[in-house]
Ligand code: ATP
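In the block that follows, a single chain appears as structure tokens, in the form predicted alone.
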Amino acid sequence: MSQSSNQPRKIGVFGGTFDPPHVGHLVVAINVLHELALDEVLLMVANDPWQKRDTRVISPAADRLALVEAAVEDIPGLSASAIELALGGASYTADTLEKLLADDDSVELFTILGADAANGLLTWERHERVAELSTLVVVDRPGVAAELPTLAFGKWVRVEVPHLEVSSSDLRERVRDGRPLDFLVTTQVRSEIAKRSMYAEGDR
């Protein structure tokens, strides 16, 4: 995955609430890493996911970051990122990309979007800036291509990824109901959820 010294590092930015991170997230990240020959994919933990804040109780950002760190600790090329926690406040991808480029303006950025995120891109804060600063990577499931909004600038690439029927909301319900999480999250994530007593009650 490494680039020669005269080529920019190619960094994927895969943002999310990750409450909790599951195998579907990892399948997306590792397939995009491979298909686009990226140097690294950052699983970017939202500090305050503003589009979800009024829909349910969100676990503390520090706990969600710990789960993502546990999820990726043994996976080369995948990293947990606390950039949005450090920025504070509501998490906007445009701000995140600007921070990454301020830290290293030589990198080439790729913003990774699931189908729902791609369809809703025009509702994002400063979505034009996101398209300006990065290549947009839409993740398609086999045989189903996402509908993409028309942008005045920016470019899309598509990556087809195996679709797994697993969701964070179902996993939270499973913890509350005492059902197993085996093979839906990594062993490390399962242990971290138990250690932090997450999702046991109250969060719908």
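Nothing here was measured: the structure is a model prediction, and the numbers come from that model. So that there is no doubt, residue numbering starts at 1 and follows the sequence shown.
The form predicted together with adenosine-5'-triphosphate (ATP) exists for this protein as well; it is not shown, and the discussion that follows is about that form.
Q: Heavy atoms within 4.5 Å of adenosine-5'-triphosphate (ATP) in the model of the complex: which stretch among 70-78, 86-94, 101-109, 115-123?
A: Contact criterion met by 115-123 only.
Q: Even though adenosine-5'-triphosphate (ATP) is not shown here, does it sit in the model of the complex so that 25, 28 and 56 each have a heavy atom within 4.5 Å?
A: Verified in the model of the complex; spot residues all in contact, yes.
Q: Of the options 158, 141, 34, 174, which one has a non-hydrogen atom that comes within 4.5 Å of adenosine-5'-triphosphate (ATP) in the model of the complex?
A: Exactly one listed residue reaches within 4.5 Å, namely 141.
Q: Within a 4.5 Å heavy atom cut-off, is residue 148 in contact with adenosine-5'-triphosphate (ATP) in the model of the complex?
A: Judged by the heavy-atom cut-off of 4.5 Å, residue 148 is well away from adenosine-5'-triphosphate (ATP) in the model of the complex.
Q: With the partner left out of view, is residue 186 within 4.5 angstroms of adenosine-5'-triphosphate (ATP) in the model of the complex by any non-hydrogen atom?
A: So residue 186 does not count as contacting adenosine-5'-triphosphate (ATP).
Q: Could you tell me if residue 168 has a non-hydrogen atom within 4.5 Å of adenosine-5'-triphosphate (ATP) in the model of the complex?
A: Although adenosine-5'-triphosphate (ATP) is absent here, residue 168 would touch it in the model of the complex, with heavy atoms inside 4.5 Å.
Q: Pull the contact list for 6-25: residues with a heavy atom within 4.5 Å of adenosine-5'-triphosphate (ATP) in the model of the complex, in sequence order.
A: Contacting residues: 14, 15, 16, 17, 18, 22, 24, 25.
Q: Compared with this form, is the residue 143-residue 35 Cα separation smaller or larger in the model of the complex, the difference being 3 Å or more?
A: Farther apart in the model of the complex, by 3 Å or more.
Q: Which way does the C-alpha gap of residue 38 and residue 143 go in the model of the complex, closer or farther, given it changes by 3 angstroms or more?
A: Farther: residue 38 and residue 143 separate by 3 Å or more in the model of the complex.
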